[in-house]
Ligand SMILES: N[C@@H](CCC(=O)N[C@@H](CS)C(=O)NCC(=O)O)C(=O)O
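Quick heads-up: it's one chain on its own, the form predicted alone, in structure tokens.
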């Protein structure tokens, strides 16, 4: 059985896929693809026509879109179950994953993390208006997440789920900005959850190493 994960080392969605693989205990080969490069290999474009990451190849099966990848990993591989069996908990898990894609990723990663943390590390120009826009959006997003967090160790219950795996890397990048960390700490349930999930060995093992 051959598993290959094509991803970009700093991509939060690639991180999510790696986090899921690590939690499932699956062996895989990492293949670095920079989707922002002008010369993305044609062989990769044959796998992902929209030139994004990640893409998973499992033997002769190819799939892209992170939510589809993580659900496939959970259902096709042995290891701890990452989707609740209870219909309501399962629906809540799917809701968290959708919220991450629709409302959290852009302000937290593309605006705050990218322009406050990542671009300065690379010596690239950043836009303070992007940071400000993300920070203005963040309180409403965090408040909505806070209302949905279960009164349990993880987002959807006592066990880790895909909800945690999708949200944790996004929060991890957001909290690297001083302002993001302060906003996160103002939400008790999210902060308690964050302390738990960010201490997991799989989270730490897959956390990207940013440029010094």
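Positions refer to the first chain, counted from 1. Quantities reported herein were computed from a predicted structural model and do not represent experimental measurements.
One more form of this protein should be noted, the form predicted together with this ligand, which is absent from this view; the next part is about it.
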Using a 4.5 Å heavy atom cut-off, state whether residue 157 contacts this ligand in the model of the complex. no
Does any heavy atom of residue 12 come within 4.5 Å of a heavy atom of this ligand in the model of the complex? yes
Evaluate residue 36 for contact with this ligand in the model of the complex, applying a 4.5 angstroms cut-off between non-hydrogen atoms, and reply yes or no. yes
Answer with yes or no whether residue 96 is in contact with this ligand in the model of the complex, where contact means some heavy atom within 4.5 Å. no
Given the stretches 84-92, 105-113, 120-128, 135-143, which is the single one in contact with this ligand in the model of the complex, using a heavy atom cutoff of 4.5 Å? 105-113
If we test each of 177, 163, 53, 56 for a heavy atom within 4.5 Å of this ligand in the model of the complex, the one that passes is 53
